[in-house]
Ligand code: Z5A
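To begin, one chain is listed below as structure tokens, in the form predicted alone.
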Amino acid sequence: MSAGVYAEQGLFVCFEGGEGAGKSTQSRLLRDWLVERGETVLLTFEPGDTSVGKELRRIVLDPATGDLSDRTEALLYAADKAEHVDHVVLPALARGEVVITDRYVDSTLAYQGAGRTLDVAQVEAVARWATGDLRPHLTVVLDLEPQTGLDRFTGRDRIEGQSLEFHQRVRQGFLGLAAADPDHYVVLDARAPIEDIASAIQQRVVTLLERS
């Protein structure tokens, strides 16, 4: 695979990790901190933050959908990403904004690749094509033992309801991606106090802002 494309304008930050790791909380905290610093910030998420994406999200997450071909599932997520990048992420970066996304390509590689045990290289080829190979300047992986994260839910969607072994493969998928590219990743223990996690993220992000 190529080294990827990094936007020359704006800053692209992604939050990844398993279920219940606190991605949404930390995304909002980072957004609030950046706004206080005077940055223009777009907080977004995958799947579902476009009109088309909402329908795709319903299909892939609704337990009523039942079994899908693993390849079908991967392609639906890729379609969501294509819409998201073209209509949400790239326009905001072109305006020089900080884009914070709750999940991106790594979730497809971890869930549909490692989790579903599809060929990760093939899944990556589709996901990178769908996103024009756009990479985040920083990916924050919030690492948590899967059982701990799943215990934080009372009801589970179609993906959350997969086996513990599935979620363990997903976790290792995220950690493997981070280990392969430490310049663009930071892995944080999701069991740490929320404020400590937020501070560590801020320290990493501020160095990126100073370089831009």
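Numbering starts at 1 and follows the sequence shown. Just so it is clear, the structure is predicted and the values come from calculations on it, not from any experiment.
Omitted here: the form predicted together with the named molecule. The next part is about that form.
- Contact here is defined as any heavy atom lying within 4.5 Å of the named molecule in the model of the complex, and by that definition not a single one of G10, I100 and Y185 is a contact residue.
- Shown alone here, R152 lies within 4.5 Å of the named molecule in the model of the complex, counting heavy atoms only.
- In the model of the complex, the named molecule stays beyond 4.5 Å of every heavy atom belonging to V52.
- Contact between I201 and the named molecule in the model of the complex is not found at the 4.5 Å heavy atom cutoff.
- Using a 4.5 angstroms limit between non-hydrogen atoms, I159 touches the named molecule in the model of the complex.
- Counting a residue when any of its non-hydrogen atoms is within 4.5 Å of the named molecule in the model of the complex, the hits in 79-118 run K81, D102, R103, Y104, S107, T108, Y111, Q112.
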